[in-house]
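This document starts with one chain, in the form predicted alone, laid out as structure tokens.
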Amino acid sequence: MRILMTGFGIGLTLGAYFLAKALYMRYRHPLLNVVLLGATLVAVALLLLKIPYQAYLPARSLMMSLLGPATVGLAVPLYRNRELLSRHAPAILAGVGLGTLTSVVSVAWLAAFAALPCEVVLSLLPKSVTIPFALEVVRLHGGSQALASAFVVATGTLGSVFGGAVLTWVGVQDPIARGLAMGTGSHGQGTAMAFLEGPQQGTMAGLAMTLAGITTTLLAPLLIRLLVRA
């Protein structure tokens, strides 16, 4: 029975994804975000079918185990566009580095200013990097992995829903700049939406997501020491 339920959960998730993707590709509306709409469709289906979330958990766990290999798989488009990456290396490193620094420092300052508990502040620091990086940061330096996961998902969802529209609104049309912004600000979810825009955007977003994760793991210990002293 559990195997059947796991298979049903995976099939339901894939069906919701492909439906959400088809709707987004047809209408290109920000609110038809693939991740947000897909998750909503799954939740609605579980409610209508009266399937408890606990029954869906094995399927979720199996799909989550593929997150790491999927992240590593981004190396393929990076390799295919290696000439483009080498040509724009200085701008890429500067853009991702400054973007990550701004994200981490601003979050730390606002959280500390609001007098949030230390555990919450530590869990907020890696909000703009993909979950594997974020969980490792909070595991090594304290914080709640559950809170960190929630903050990462919320950041990725908001960035993937509104990021492209905001970039268009402020006049950013260059595919490289759009991809770097989406990957730096909203990690995997932003990268997924960037790939829907085009291969260059997706490749740059994947690179930015990886570089932002590495930069955050390097910055986090320094900021944590400053926060503890403060």
Partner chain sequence: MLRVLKVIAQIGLLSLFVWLGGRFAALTGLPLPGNVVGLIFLYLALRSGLVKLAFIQEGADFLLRHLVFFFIPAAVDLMNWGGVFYRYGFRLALAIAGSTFLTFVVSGHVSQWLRRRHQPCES
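Positions refer to the first chain, counted from 1. Being a predicted model, the structure only gives us computed values, none of them experimental.
Below: the form predicted together with the partner chain, not depicted.
Asker: Since the partner isn't included here, can you check whether the partner chain sits close to all of Pro126, Gly142 and Ala192 in the predicted complex (heavy atom within 4.5 Å for each)?
Answerer: No: no residue has a heavy atom within 4.5 Å of the partner.
Asker: Consider Ala55 of the chain shown here, and say whether it contacts the partner chain in the predicted complex, taking contact as heavy atoms within 4.5 Å.
Answerer: Heavy-atom contact with the partner chain at 4.5 Å: absent for Ala55.
Asker: Hey, in the predicted complex, is Trp169 touching the partner chain, heavy atoms inside 4.5 Å?
Answerer: It does: once the partner chain is placed as it appears in the predicted complex, Trp169 has a heavy atom within 4.5 Å of it.
Asker: Does Leu32 reach the partner chain in the predicted complex, with heavy atoms at most 4.5 Å apart?
Answerer: Taking the distances in the predicted complex, the answer for Leu32 is no, it never comes within 4.5 Å of the partner chain.
Asker: Can any non-hydrogen atom of Pro199 be found within 4.5 angstroms of the partner chain in the predicted complex?
Answerer: Residue-level check for Pro199: no, no contact with the partner chain.
Asker: Let me know which residues along 151 to 183 have a heavy atom within 4.5 Å of the partner chain in the predicted complex, or say none if there are none.
Answerer: If the 4.5 Å heavy-atom criterion is applied to the partner chain in the predicted complex, 151 to 183 yields Phe151, Ala154, Thr155, Leu158, Gly159, Gly163, Val166, Leu167, Trp169, Val170, Gly171, Val172, Gln173, Asp174, Ile176, Ala177, Leu180, Ala181, Met182.
Asker: Assuming the CA distance changes by 3 angstroms or more, are Phe133 and Leu41 closer together or farther apart in the predicted complex compared with the shown structure?
Answerer: Pair moves closer in the predicted complex.
Asker: Relative to what's shown here, the Cα pair Ser149 and Leu36 differs by 3 Å or more in the predicted complex. Does it come closer or drift farther?
Answerer: Those two alpha carbons end up closer in the predicted complex.
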